[in-house]
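Presented as structure tokens, the chain that follows is alone, the form predicted alone.
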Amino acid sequence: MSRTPGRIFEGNLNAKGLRIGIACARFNEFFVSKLLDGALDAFVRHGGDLADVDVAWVPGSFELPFALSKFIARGNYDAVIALGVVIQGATTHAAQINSQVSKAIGQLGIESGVPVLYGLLTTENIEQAIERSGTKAGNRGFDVTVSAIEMANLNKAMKS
């Protein structure tokens, strides 16, 4: 029995010629703008052109899947990214938002055939949001955009 696969598919980190849509939540905009800065930085550092990035701002994280679905419906994006920050408060509201948004984002990717990336920070407090939006724990916007580039290229490779 052979243990060599027929074909191996991998994406690469070349953003040249890719088009992406980024949906950003305005709630906690201070942090989300830092995530967006990181996302745009990653795209350019990997050879992309900012003219190939479209950004939609929505009121909060719950509305992100709607904007992503509109990007997908346009039919001209290689990947779409959700950026938002949900900080746990005294109620279960954050858990409700996180659960619904993550399910919707996952479903959009499966149903559309377009890579849909989850770039939300779901933190217990403001300090964690600070750490993950560009300080000692990195920038989730940068990281998720690198994943989007790779997934967009993998998707193209698997279509050929």
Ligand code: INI
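Everything numeric in this text was worked out from a predicted model, so none of it was measured. Each residue number is its position in the shown sequence, starting from 1.
One more form of this protein should be noted, the form predicted in complex with the named molecule, which is absent from this view; the next part is about it.
> Could you check which residue among Ile97, Leu40, Ala67, Ala104 gets a heavy atom within 4.5 Å of the named molecule in the model of the complex?
In short, Ile97.
> Even though the partner isn't displayed, in the model of the complex is Gly113 close enough to the named molecule, meaning a heavy atom within 4.5 Å?
Output for Gly113 is no: heavy atoms all beyond 4.5 Å of the named molecule.
> Indicate whether the named molecule has at least one heavy atom within 4.5 Å of a heavy atom of Tyr118 in the model of the complex.
Flag for Tyr118 set to no.
> Any chance Gly60 has a heavy atom within 4.5 Å of the named molecule in the model of the complex?
Answer yes; at least one heavy atom of Gly60 falls within 4.5 Å of the named molecule in the model of the complex.
> Examine Ala25 and determine whether its closest non-hydrogen atom to the named molecule in the model of the complex is within 4.5 angstroms.
Result yes; Ala25 sits at the interface with the named molecule in the model of the complex.
> Which of these stretches, 130 to 138, 105 to 113, 49 to 57, 89 to 97, has heavy atoms within 4.5 Å of the named molecule in the model of the complex?
Among the listed stretches, the partner-contacting one is 89 to 97.
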